[in-house]
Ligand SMILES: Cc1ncc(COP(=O)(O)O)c(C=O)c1O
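Consider the single chain below, provided in structure tokens and representing the form predicted on its own.
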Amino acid sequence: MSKLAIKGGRPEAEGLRKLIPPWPPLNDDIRLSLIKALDGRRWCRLYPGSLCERFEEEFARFHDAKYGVAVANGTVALELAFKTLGVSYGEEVIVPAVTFIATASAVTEVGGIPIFADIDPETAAISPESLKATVEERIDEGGRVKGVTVVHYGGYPADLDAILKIAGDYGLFVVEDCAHAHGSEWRGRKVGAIGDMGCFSFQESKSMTAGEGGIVITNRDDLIDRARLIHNIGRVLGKPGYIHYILSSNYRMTELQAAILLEALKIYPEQLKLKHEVGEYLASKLSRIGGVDPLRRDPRITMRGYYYYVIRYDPREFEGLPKDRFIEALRAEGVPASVGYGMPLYRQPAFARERLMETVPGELVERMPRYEDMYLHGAESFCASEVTLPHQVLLAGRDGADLIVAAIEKIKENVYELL
């Protein structure tokens, strides 16, 4: 029986890192595209036929949407969506309790109030049951619920059938936070424009990247002109440069980012297909081990554009081994495991009352829930069990997946060494 690497043995997955391609992806086409944009000396998109326009069109087409608005990052993509959909001061947007903080902080940035709903710990997505209950509770308490943001966590689409039904019943908009979900599909249709608007990030760790950047997509003809106006400081492209039709900010992406993303989009479909196939293969292998279950399989998810590969760790299957010790052992074996965001958002220091008073108008804070007093069972359960692998490990193919499985099996077989 092999000795665990954390105890001085040979790492079971020591070859994994060699199988993972360098990140971010960089090829000659990306280099040439960027050099061409640099040499062109038009680094801002304010000209007809810009690289940003081309990227908006091509990414929207890839994601089954009519329109796209390229922006500086994924956080302002959410802010742009909320502004376009008319979130006004004191209105509430329901968000899942487990996500990156921008999903909620973007609401406060436009003067709204984030209201946390629970997640399903088997999918990491917002629970339709909790969503409905939260909407009804807020209505009963006189809250002004405007919409809901769903997060396709780790690239796993939320239950859009149920969510759209609830949103329709209560007259709410649906924003899809797709920062983790480039290329993910629900019933054969790519996420993002299934709801009213979808927001993506191109930060360096994301499945498609230009270091930073983002995009908002939609199929709604009635929203696109307003989104473009807001994103460009209230200016209309093609009209005199210093005529501003509304007061707004600058959300624009640069031409240099668009130059990279146009080429990244060409290679992404192949990466997407590989990660989906390897993800399914890894899920089938992990399910046989016990105590390291993947997210629940759902046949309505027809493609998964991973950001995290999520494993739900059960210490009872590992003789009570704490999760942090399991992760430490897994990393020693050569598998780059981590814990996602680590806690529900309502536990973040930023949501403590005294911290909110530093950044949010006092009147608005008084109308907010006492976040630090919250406890949502699904969110707590999920965060206690979540172990994540970065999406890049899936690009190592089935050989890489086999090494991950072998490392976990080795830990389980030798768990007594860690107790």
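Small disclaimer: the values here were computed from a predicted structure and weren't measured. Residue numbers run from 1 along the displayed sequence.
The same protein also exists as the form predicted together with this ligand; that form is not shown, yet it is the one meant from here on.
_Non-hydrogen atom within 4.5 Å of this ligand in the predicted bound form for each of 102, 177 and 180_ = Per the other structure, all of 102, 177 and 180 touch this ligand.
*Heavy atoms, 4.5 Å, this ligand in the predicted bound form: which of 203-211, 84-92, 110-118, 294-302 makes the cut? Say which one.*
Of the options given, it is 203-211.
*Check whether residue 123 has any heavy atom within 4.5 Å of a heavy atom of this ligand in the predicted bound form, and answer yes or no.*
Answer no; every heavy atom of residue 123 is more than 4.5 Å from this ligand in the predicted bound form.
*this ligand contact at residue 281 in the predicted bound form, heavy atom, 4.5 Å*: No - in the predicted bound form, heavy atoms of residue 281 and this ligand never come within 4.5 Å of each other.
*Does this ligand come within 4.5 Å of any heavy atom of residue 157 in the predicted bound form?*
Heavy-atom contact with this ligand at 4.5 Å: absent for residue 157.
*Indicate whether this ligand has at least one heavy atom within 4.5 Å of a heavy atom of residue 341 in the predicted bound form.*
Yes.
_134, 73, 232, 271 - the one with a heavy atom within 4.5 Å of this ligand in the predicted bound form_ = Of the listed residues, the single hit is 73.
*Contact residue in the predicted bound form, from 260, 80, 151, 329 (heavy atom within 4.5 Å of this ligand)*: Of 260, 80, 151, 329, the residue with a heavy atom within 4.5 Å of this ligand in the predicted bound form is 151.
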